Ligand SMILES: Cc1cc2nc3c(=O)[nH]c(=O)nc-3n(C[C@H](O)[C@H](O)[C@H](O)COP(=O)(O)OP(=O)(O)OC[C@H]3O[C@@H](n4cnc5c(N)ncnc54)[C@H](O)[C@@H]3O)c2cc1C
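In structure tokens, the next block holds one chain alone, the form predicted alone.
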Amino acid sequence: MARERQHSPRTGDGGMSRRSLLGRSAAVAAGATALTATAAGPAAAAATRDVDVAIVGGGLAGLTAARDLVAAGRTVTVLEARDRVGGRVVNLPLANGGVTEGGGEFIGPTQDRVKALADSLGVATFATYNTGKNLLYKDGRKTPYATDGLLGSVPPVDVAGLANAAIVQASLDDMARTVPVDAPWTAAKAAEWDKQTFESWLNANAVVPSAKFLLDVACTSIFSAEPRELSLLFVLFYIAAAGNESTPGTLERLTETANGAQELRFVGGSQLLPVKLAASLGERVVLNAPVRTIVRSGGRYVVTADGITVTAKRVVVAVPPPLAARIRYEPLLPAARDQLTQRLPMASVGKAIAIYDTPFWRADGLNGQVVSDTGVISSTFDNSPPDASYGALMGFIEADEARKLDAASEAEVRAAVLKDYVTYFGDKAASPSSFVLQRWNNEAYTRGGPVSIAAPGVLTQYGPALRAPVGGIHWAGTETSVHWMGFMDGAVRSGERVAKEVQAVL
């Protein structure tokens, strides 16, 4: 895996759906010819450009902002640190010629803006495979269960646990409805909720062990973080944001496949969206150009990246907050903004995809989705293509489990993952035809995922600095979205919002 160089930030933002993440892509090959001429690598002579807007980050946020600004008649340059576009959205090439998603891949109801983008680019969707039974693996026992009954996809734990979990979920949804998505720090009980962790609140409310198990799994599945790492206010905001302008967010929408955030996938892989966006922008997108400094000089901004310097009237920084903090700014950013970015670490996530000749679990009446209380992989999906020409099992490696494996070799991770897959799906899972792994914690220009997370005290003390422009510097990225923060839809929304913001002052 590529190792980060100190002070080498800034890649694009993509927001991961459900936990969306990153890597390399076969889909890039389809659009690379439109971009290779603009790559400013070590072999390229230092270039200079003068534009209206310099955009840092070639993920969905930065590319969407560039598209809208160009449509408004503005000149832009997008500076992307990697040798590809997409940020936390990436297609991974498979040995059989197919692709699978290493980062954000799912979309669902109320994720209107990413769906509109896909439609405009001619990228079709298909339903995430959801036919058959889920599997619960708990206390060493496998339990297949249907997802079309009264409980939906809720694992069938004991009656007391289900009742307690239902009360907890309803309480979370009720509290979330009081949180303003554009300013969660102004909620009536913001101070009370932001001084405690989600863990402490769960300990007081999810009093039945099996209910606590369900909520813990939901937490790691949604955030790729442990409940102890999260402010309760941040969790409530995230739930509130899982909707659109007319539909309030709910915890169920975050966790569900059918009618939820995991309902659909993109034909050809999600990275087709940024690849096609970048192709439409042509030479405005510069790859291999990590930004080092943003300096205000004579009423303009000088943005210096490897191999290229861009002078602009305005700057859009469209990367995760921890990476934005690694850029050197002159003059210094206000303390509130800098303190905010110091306190928004990335969560910890990876994706492991095993490829088989067929999706053999379907013949056993299973849909490939697992919830487990043990192992490296605690949740899985069927990542096979729409025509089922081969089988793909995708598992998330999250939170504490991801951090345990940061220093492990790929062979060690593969062995641990396949051990879990055999536990869940039987001996056929032991011998995949190929295996791909994406560890976001080890990505030089991401260092975790799918999203930055907030511990207690962060939103109420520093939240107002999240989107507030600093002079001519504006902030985008899925972390700045008021709807679907942490998802591809949030990234697209942030790009659309910041383009309007910049256009209004140019």
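Start at 1 and count along the sequence shown; that's the residue number. As the structure is a computational prediction, the values presented were derived from the model and not from experiment.
Here the subject shifts to the form predicted in complex with the named molecule, a form of this protein not shown in this document.
Although the partner is absent from this view, F106 contacts the named molecule in the model of the complex, with a non-hydrogen atom inside 4.5 angstroms. At a distance threshold of 4.5 angstroms between non-hydrogen atoms, V56 is in contact with the named molecule in the model of the complex. For the chain shown alone, Y445 is a contact residue for the named molecule in the model of the complex, at least one non-hydrogen atom being within 4.5 angstroms.
Contact annotation: A81 falls within 4.5 Å of the named molecule in the model of the complex, judged by heavy atom distances.
Of the candidates L233, A278, V291, L393, V291 is the one whose heavy atoms come within 4.5 Å of the named molecule in the model of the complex; the others do not.
The contact residue chosen from L273, V319, A242, V315 relative to the named molecule in the model of the complex is V319, the criterion being a non-hydrogen atom within 4.5 angstroms.
Note that among 429-437, 196-204, 161-169, 320-328, the stretch whose heavy atoms approach the named molecule to within 4.5 Å in the model of the complex is 320-328.
With contact defined as any non-hydrogen atom lying within 4.5 angstroms of the named molecule in the model of the complex, the contacting residues in 81-96 are A81, R82, G86, G87, R88, V89, given in sequence order.
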